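What follows are structure tokens for two forms of the same protein chain, given separately as structure 1 and structure 2.
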Structure 1
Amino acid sequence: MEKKRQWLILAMLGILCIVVPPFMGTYAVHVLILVMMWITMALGWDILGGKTGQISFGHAIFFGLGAYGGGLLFLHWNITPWWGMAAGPVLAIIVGIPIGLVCFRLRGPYFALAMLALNEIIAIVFTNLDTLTNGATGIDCARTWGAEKLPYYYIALVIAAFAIFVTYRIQNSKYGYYFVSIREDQDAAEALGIPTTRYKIYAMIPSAGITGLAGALYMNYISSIYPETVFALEAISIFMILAVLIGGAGSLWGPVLGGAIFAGLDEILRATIGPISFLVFAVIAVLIIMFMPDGIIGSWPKVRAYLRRRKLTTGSEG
């Protein structure tokens, strides 16, 4: 019964996502595209960070490579960047696997730091290898649909749905169980016969791939990329973590909610309070980490219990 209702809500949400946007303004559709992109990124990060417990401070590496996958094809061979939708994630995965092989030997904060350093290294390399990447000038390509937003929106929607699907499948398989076991206790996982290093790599692959896919979408939608924007430590790597954190790590709907709220709030705050929007944002992040460290989804049972108790006490008074 419960399950049926959930599916119903889901189906309705899906239909809304498909039917409503054509009737919305350009700006609103733009925001929705970003929302879908951030949902994808948050889900990508969460496979490695939230489920497997390997906190990456450098996922912009995969976002950037995803963007550059198509960008480089276009730059060197004039191939349409839509091929980047395949090339980007593949490039991200190809780079992600050796990174994992090397860095998964490190535990906890050391892994986080290593990813942070790699993020910086790759950003600097892409800025300075002029002949290969066109350096800081970045890559510009023509937009397939000009100023038209709707086609991009539907592509973004499909990508986000794909990310949700992949996450759902992972969660309901051996992989999901093994990933979470590794997060909860690596030694116990080994003792249960789980090859922890190999499974961290298995988590890295979809994580890098999905993040790369979001990067490829960005490349096609924004149509110009620079190393400093797609490999941005703060605006990509860190914000991905914050987005997941807001929604709740380690679940399916946590990152979805987090990505949506993050991208939506970011735009709304910027439109309404302009210059101090980012300050408000950072303060919200501080408060969430201090008081709801498991995010909205993760802390929901606690919040609900609290509200119930409130209701009960007020009820008995009245």
Structure 2
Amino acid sequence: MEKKRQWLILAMLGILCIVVPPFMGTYAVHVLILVMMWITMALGWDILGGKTGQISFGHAIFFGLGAYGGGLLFLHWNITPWWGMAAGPVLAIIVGIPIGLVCFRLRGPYFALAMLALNEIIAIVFTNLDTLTNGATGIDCARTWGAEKLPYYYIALVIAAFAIFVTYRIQNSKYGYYFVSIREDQDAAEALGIPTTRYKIYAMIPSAGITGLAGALYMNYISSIYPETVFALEAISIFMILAVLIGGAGSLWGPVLGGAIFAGLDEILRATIGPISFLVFAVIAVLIIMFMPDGIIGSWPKVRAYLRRRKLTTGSEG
């Protein structure tokens, strides 16, 4: 019964996501596009960071490669960047596999620092390879639908739904259980005969691909990309982690909720307090780690139990 109710709620939310946006203003639709984009990015990061326990500070690598997958097609061959929706994720996966083969030999903070360093190295390479990437000048292309935002929203919605579906399938498969075993105790997983490096690579493939897909969407929606923007450590890599922390790592709906909250909150803070919004997010992250270490989704059963006890206590006193 509980499962049927959950699916009913999801179906209703899906219908609202399809039906309501045409009646919303342009800016509201813009925010919804960002929400869907961040949900996709959070889900992509969580496959590797939340489910497999490989905390990556360099996922902007895959976002940037996804964006440049379409941008390079347009720059060199004048091919529409929409082909980047296929080329971007493929490029992210092709680069992600050798990165994994090297970095997955490291554990814990060493892996995180290696990914952070690679993020900065690739950003520098793309900034200086003028003949290939147009360097710091970036790549500009005309938007397919001009100022119209609804088509981009529905594409973003389909991509987010696809990311949710892939994550759900992984979470309920043999691979998902192996990922969790690696996260919980890699030595024990290896003792049980699980080839941990191989399964980390298996986690890297959908993680990089989904993140690259979000980057390809960004290229088509914004229509201009620069290395310092799409490979940004703070605005992409760190914010992905914060989005997952807010919702709850390792679950299906934690990154979805976290991505939605983060995108909306980020837009509000940017409009009100500007560049110091990152400090606000840092404070939020500290508070969540202190009081809700499992994120909103993970901590909700404890919060509900606490509220129930408070209600019973108040009722008995009355």
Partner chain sequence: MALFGQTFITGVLMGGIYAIIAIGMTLVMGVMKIINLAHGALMMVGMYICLVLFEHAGLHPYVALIPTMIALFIIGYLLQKYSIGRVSGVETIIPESQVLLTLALGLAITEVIRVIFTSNYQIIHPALTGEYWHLAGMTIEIPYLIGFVIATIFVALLHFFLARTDLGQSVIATSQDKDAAVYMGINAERITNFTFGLGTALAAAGGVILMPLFYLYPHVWHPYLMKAFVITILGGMGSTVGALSGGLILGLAESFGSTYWGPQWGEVIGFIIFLLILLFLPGGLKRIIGR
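C-alpha atoms forming the largest set that superposes within 1.5 Å between two forms make up the rigid core. Since we're looking at a predicted model, the values are computed, not measured. The first residue in the sequence of structure 1 is number 1, and each one after it adds one.
Quiz item: Just one of these is the form predicted in complex with the partner chain; is it 1 or 2?
Solution: It is the first structure (the form predicted in complex with the partner chain) rather than the second.
CA of T26, rigid core aligned, shift of 2 Å or more between structure 1 and structure 2:
Where the cores coincide, T26 shows only a C-alpha shift between structure 1 and structure 2 that is less than 2 Å.
Threshold 2 Å Cα movement between structure 1 and structure 2 at W253, rigid core reference:
The answer is no, as the C-alpha of W253 shifts between structure 1 and structure 2 by less than 2 Å after core alignment.
query: Core aligned, does the CA of V280 move at least 2 Å between structure 1 and structure 2?
result: Result for V280: yes, a 2 Å-plus shift.
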